[in-house]
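Before any questions on how it binds or moves, here is one chain, the form predicted on its own, in structure tokens.
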């Protein structure tokens, strides 16, 4: 048997060799040029992404060196790629295209960001600078973003080339990616059954003007209201909480509002300032433009008023129902509903037939406990081509008073082309000074919004004439770029906080959430992600900006309503100090904003300005100027967090935020 053992061993080895797996074949590396990918998901601020040519459709060229392959684009630019953990390398040459012909004005920076980390950042590059080489190991990585920014000085002549840009991969081909979308998560709890008084704690009115204020309160119905020290001339409806009448004598009236239901009683101080100041806290309401545009009608406005009551928005302090453009006659229109006599024999402006009785409409809005707003332009025509107020300013103000309106949006529009070509400060002020003078002469208060897009640094002088002033262009001018404009216009208010105070507010435009009207006139959901919507509303509240909803108020989902009706966030916006928040710390793409409140606490917003990657943020008590322990509360969830002592870490979703309120522990 021993003699046979070697034979058995030989046979065993031979059989196993027969069934052994063949050695694994090495998968070859492949290359994919950026120019061969689907670039339809690329986002850039100007022009269209070009394949194998510059943004000006010339041959790709950097500092005299020409390239046959690559992508020509323009700052600001972003393109996301799913690497599938199969890409092992990315390489490219980058620089400003020679065809920019900028005379030294172009300036850009290139970035390659991978899984939330910046792996490449170029120096500031200008026309004529030598191309910079990118050569990155991407083994095991998931998401990449190619990005170009304007180096902080605007996008003029910022022509950017990604030349010979190529991905080397093994296995799955890299594919275009998309920004973070996230889910609609309702964070705001439903109001409790006990009464809670919301909204402003102070109200401004002129002596002898009609007074209308509906006490905003939530809780199980019915709620009964009582006001201690109610000024002479005012009457309270104890069932609706509606205050009406007139105060004839100037002065400060310190009142106490009491609201009660079967489950409890709550008190809240309420100050009435009878003098020359109006809008002592930022206005809250709804505007028709971004959802209805030229389709607006009497019926739509009445339904909006009904919806503000039925949805409960009135119980949080929303009070204005504002008609935007398109209610007057439109000269030259072929639509018979927009035709007619522009003015009566006394020069008083007429509404078109879609608004058969403006006074009855305003009365209807008032009957709901709400206020009515209207729109016109200091030019001969409004933005949409309807009759404006030039030459009839006094008549139009008297007409608005006759109809019973409480708010006026005065939109610059055609004034530049038709009335003045001079854009000096005096000319910019002129139409607003004129309309303000006529408003002051009237026996009714009309809050004035200067809609002139930030010209002449209006934040420095707007308060001479009105109660709020637009600081920039239309937030929704380009539907797909609403998110981009929020980050430009909203965060761009940092540094202007000194110009906001009771009775005068920086206005970065409306809250564009819910359903809106797109460029094709269709009514569709906002292009903002859920996180961007939280950021939008949080930032506006911290800015002490007017909270004017621009979406479809008659068809809101629960998510949209929850964003508009967080009582603790509204408390921050309506805080009597009316201090605008400012940025107190930056940590890469993280910004931390702070707003001091009348009780000594601080409202804090932590924002992630990156739209693709979750980022970590550190809230430091030292940044808030607070020593020792702090009570800290999540405003959106309305729940206390563990005390802040030293610092606290947060993870913030792409384009997401945290809204907090911090009190120093005694």
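Worth saying up front: this structure is predicted, and the values here are computed from it rather than measured. Residue numbers count along the first chain shown, from 1.
We do not show the form predicted in complex with a small molecule, though everything after this point is about it.
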property: Listed residue that, although the small molecule is not shown, lies within 4.5 Å of it in the predicted bound form (heavy atoms), from 536, 595, 470, 399; result: 470
property: Contact residue in the predicted bound form, chosen from 127, 532, 406, 411 - any heavy atom within 4.5 Å of the small molecule; result: 411
property: Among 230 to 238, 447 to 455, 538 to 546, 152 to 160, the region lying within 4.5 Å of the small molecule in the predicted bound form by heavy atom distance; result: 447 to 455
property: Site test, 491, 589 and 610 vs the small molecule in the predicted bound form, non-hydrogen atom cutoff 4.5 Å; result: no
property: Residue contact check: residue 571 to the small molecule in the predicted bound form, 4.5 Å heavy atom; result: no
property: Non-hydrogen atom contact residue 575 with the small molecule in the predicted bound form at 4.5 angstroms; result: no
property: In the predicted bound form, residue 90 touching the small molecule (heavy atom, 4.5 Å); result: no
property: Partner contact for residue 474 in the predicted bound form: the small molecule, 4.5 angstroms, heavy atom; result: yes
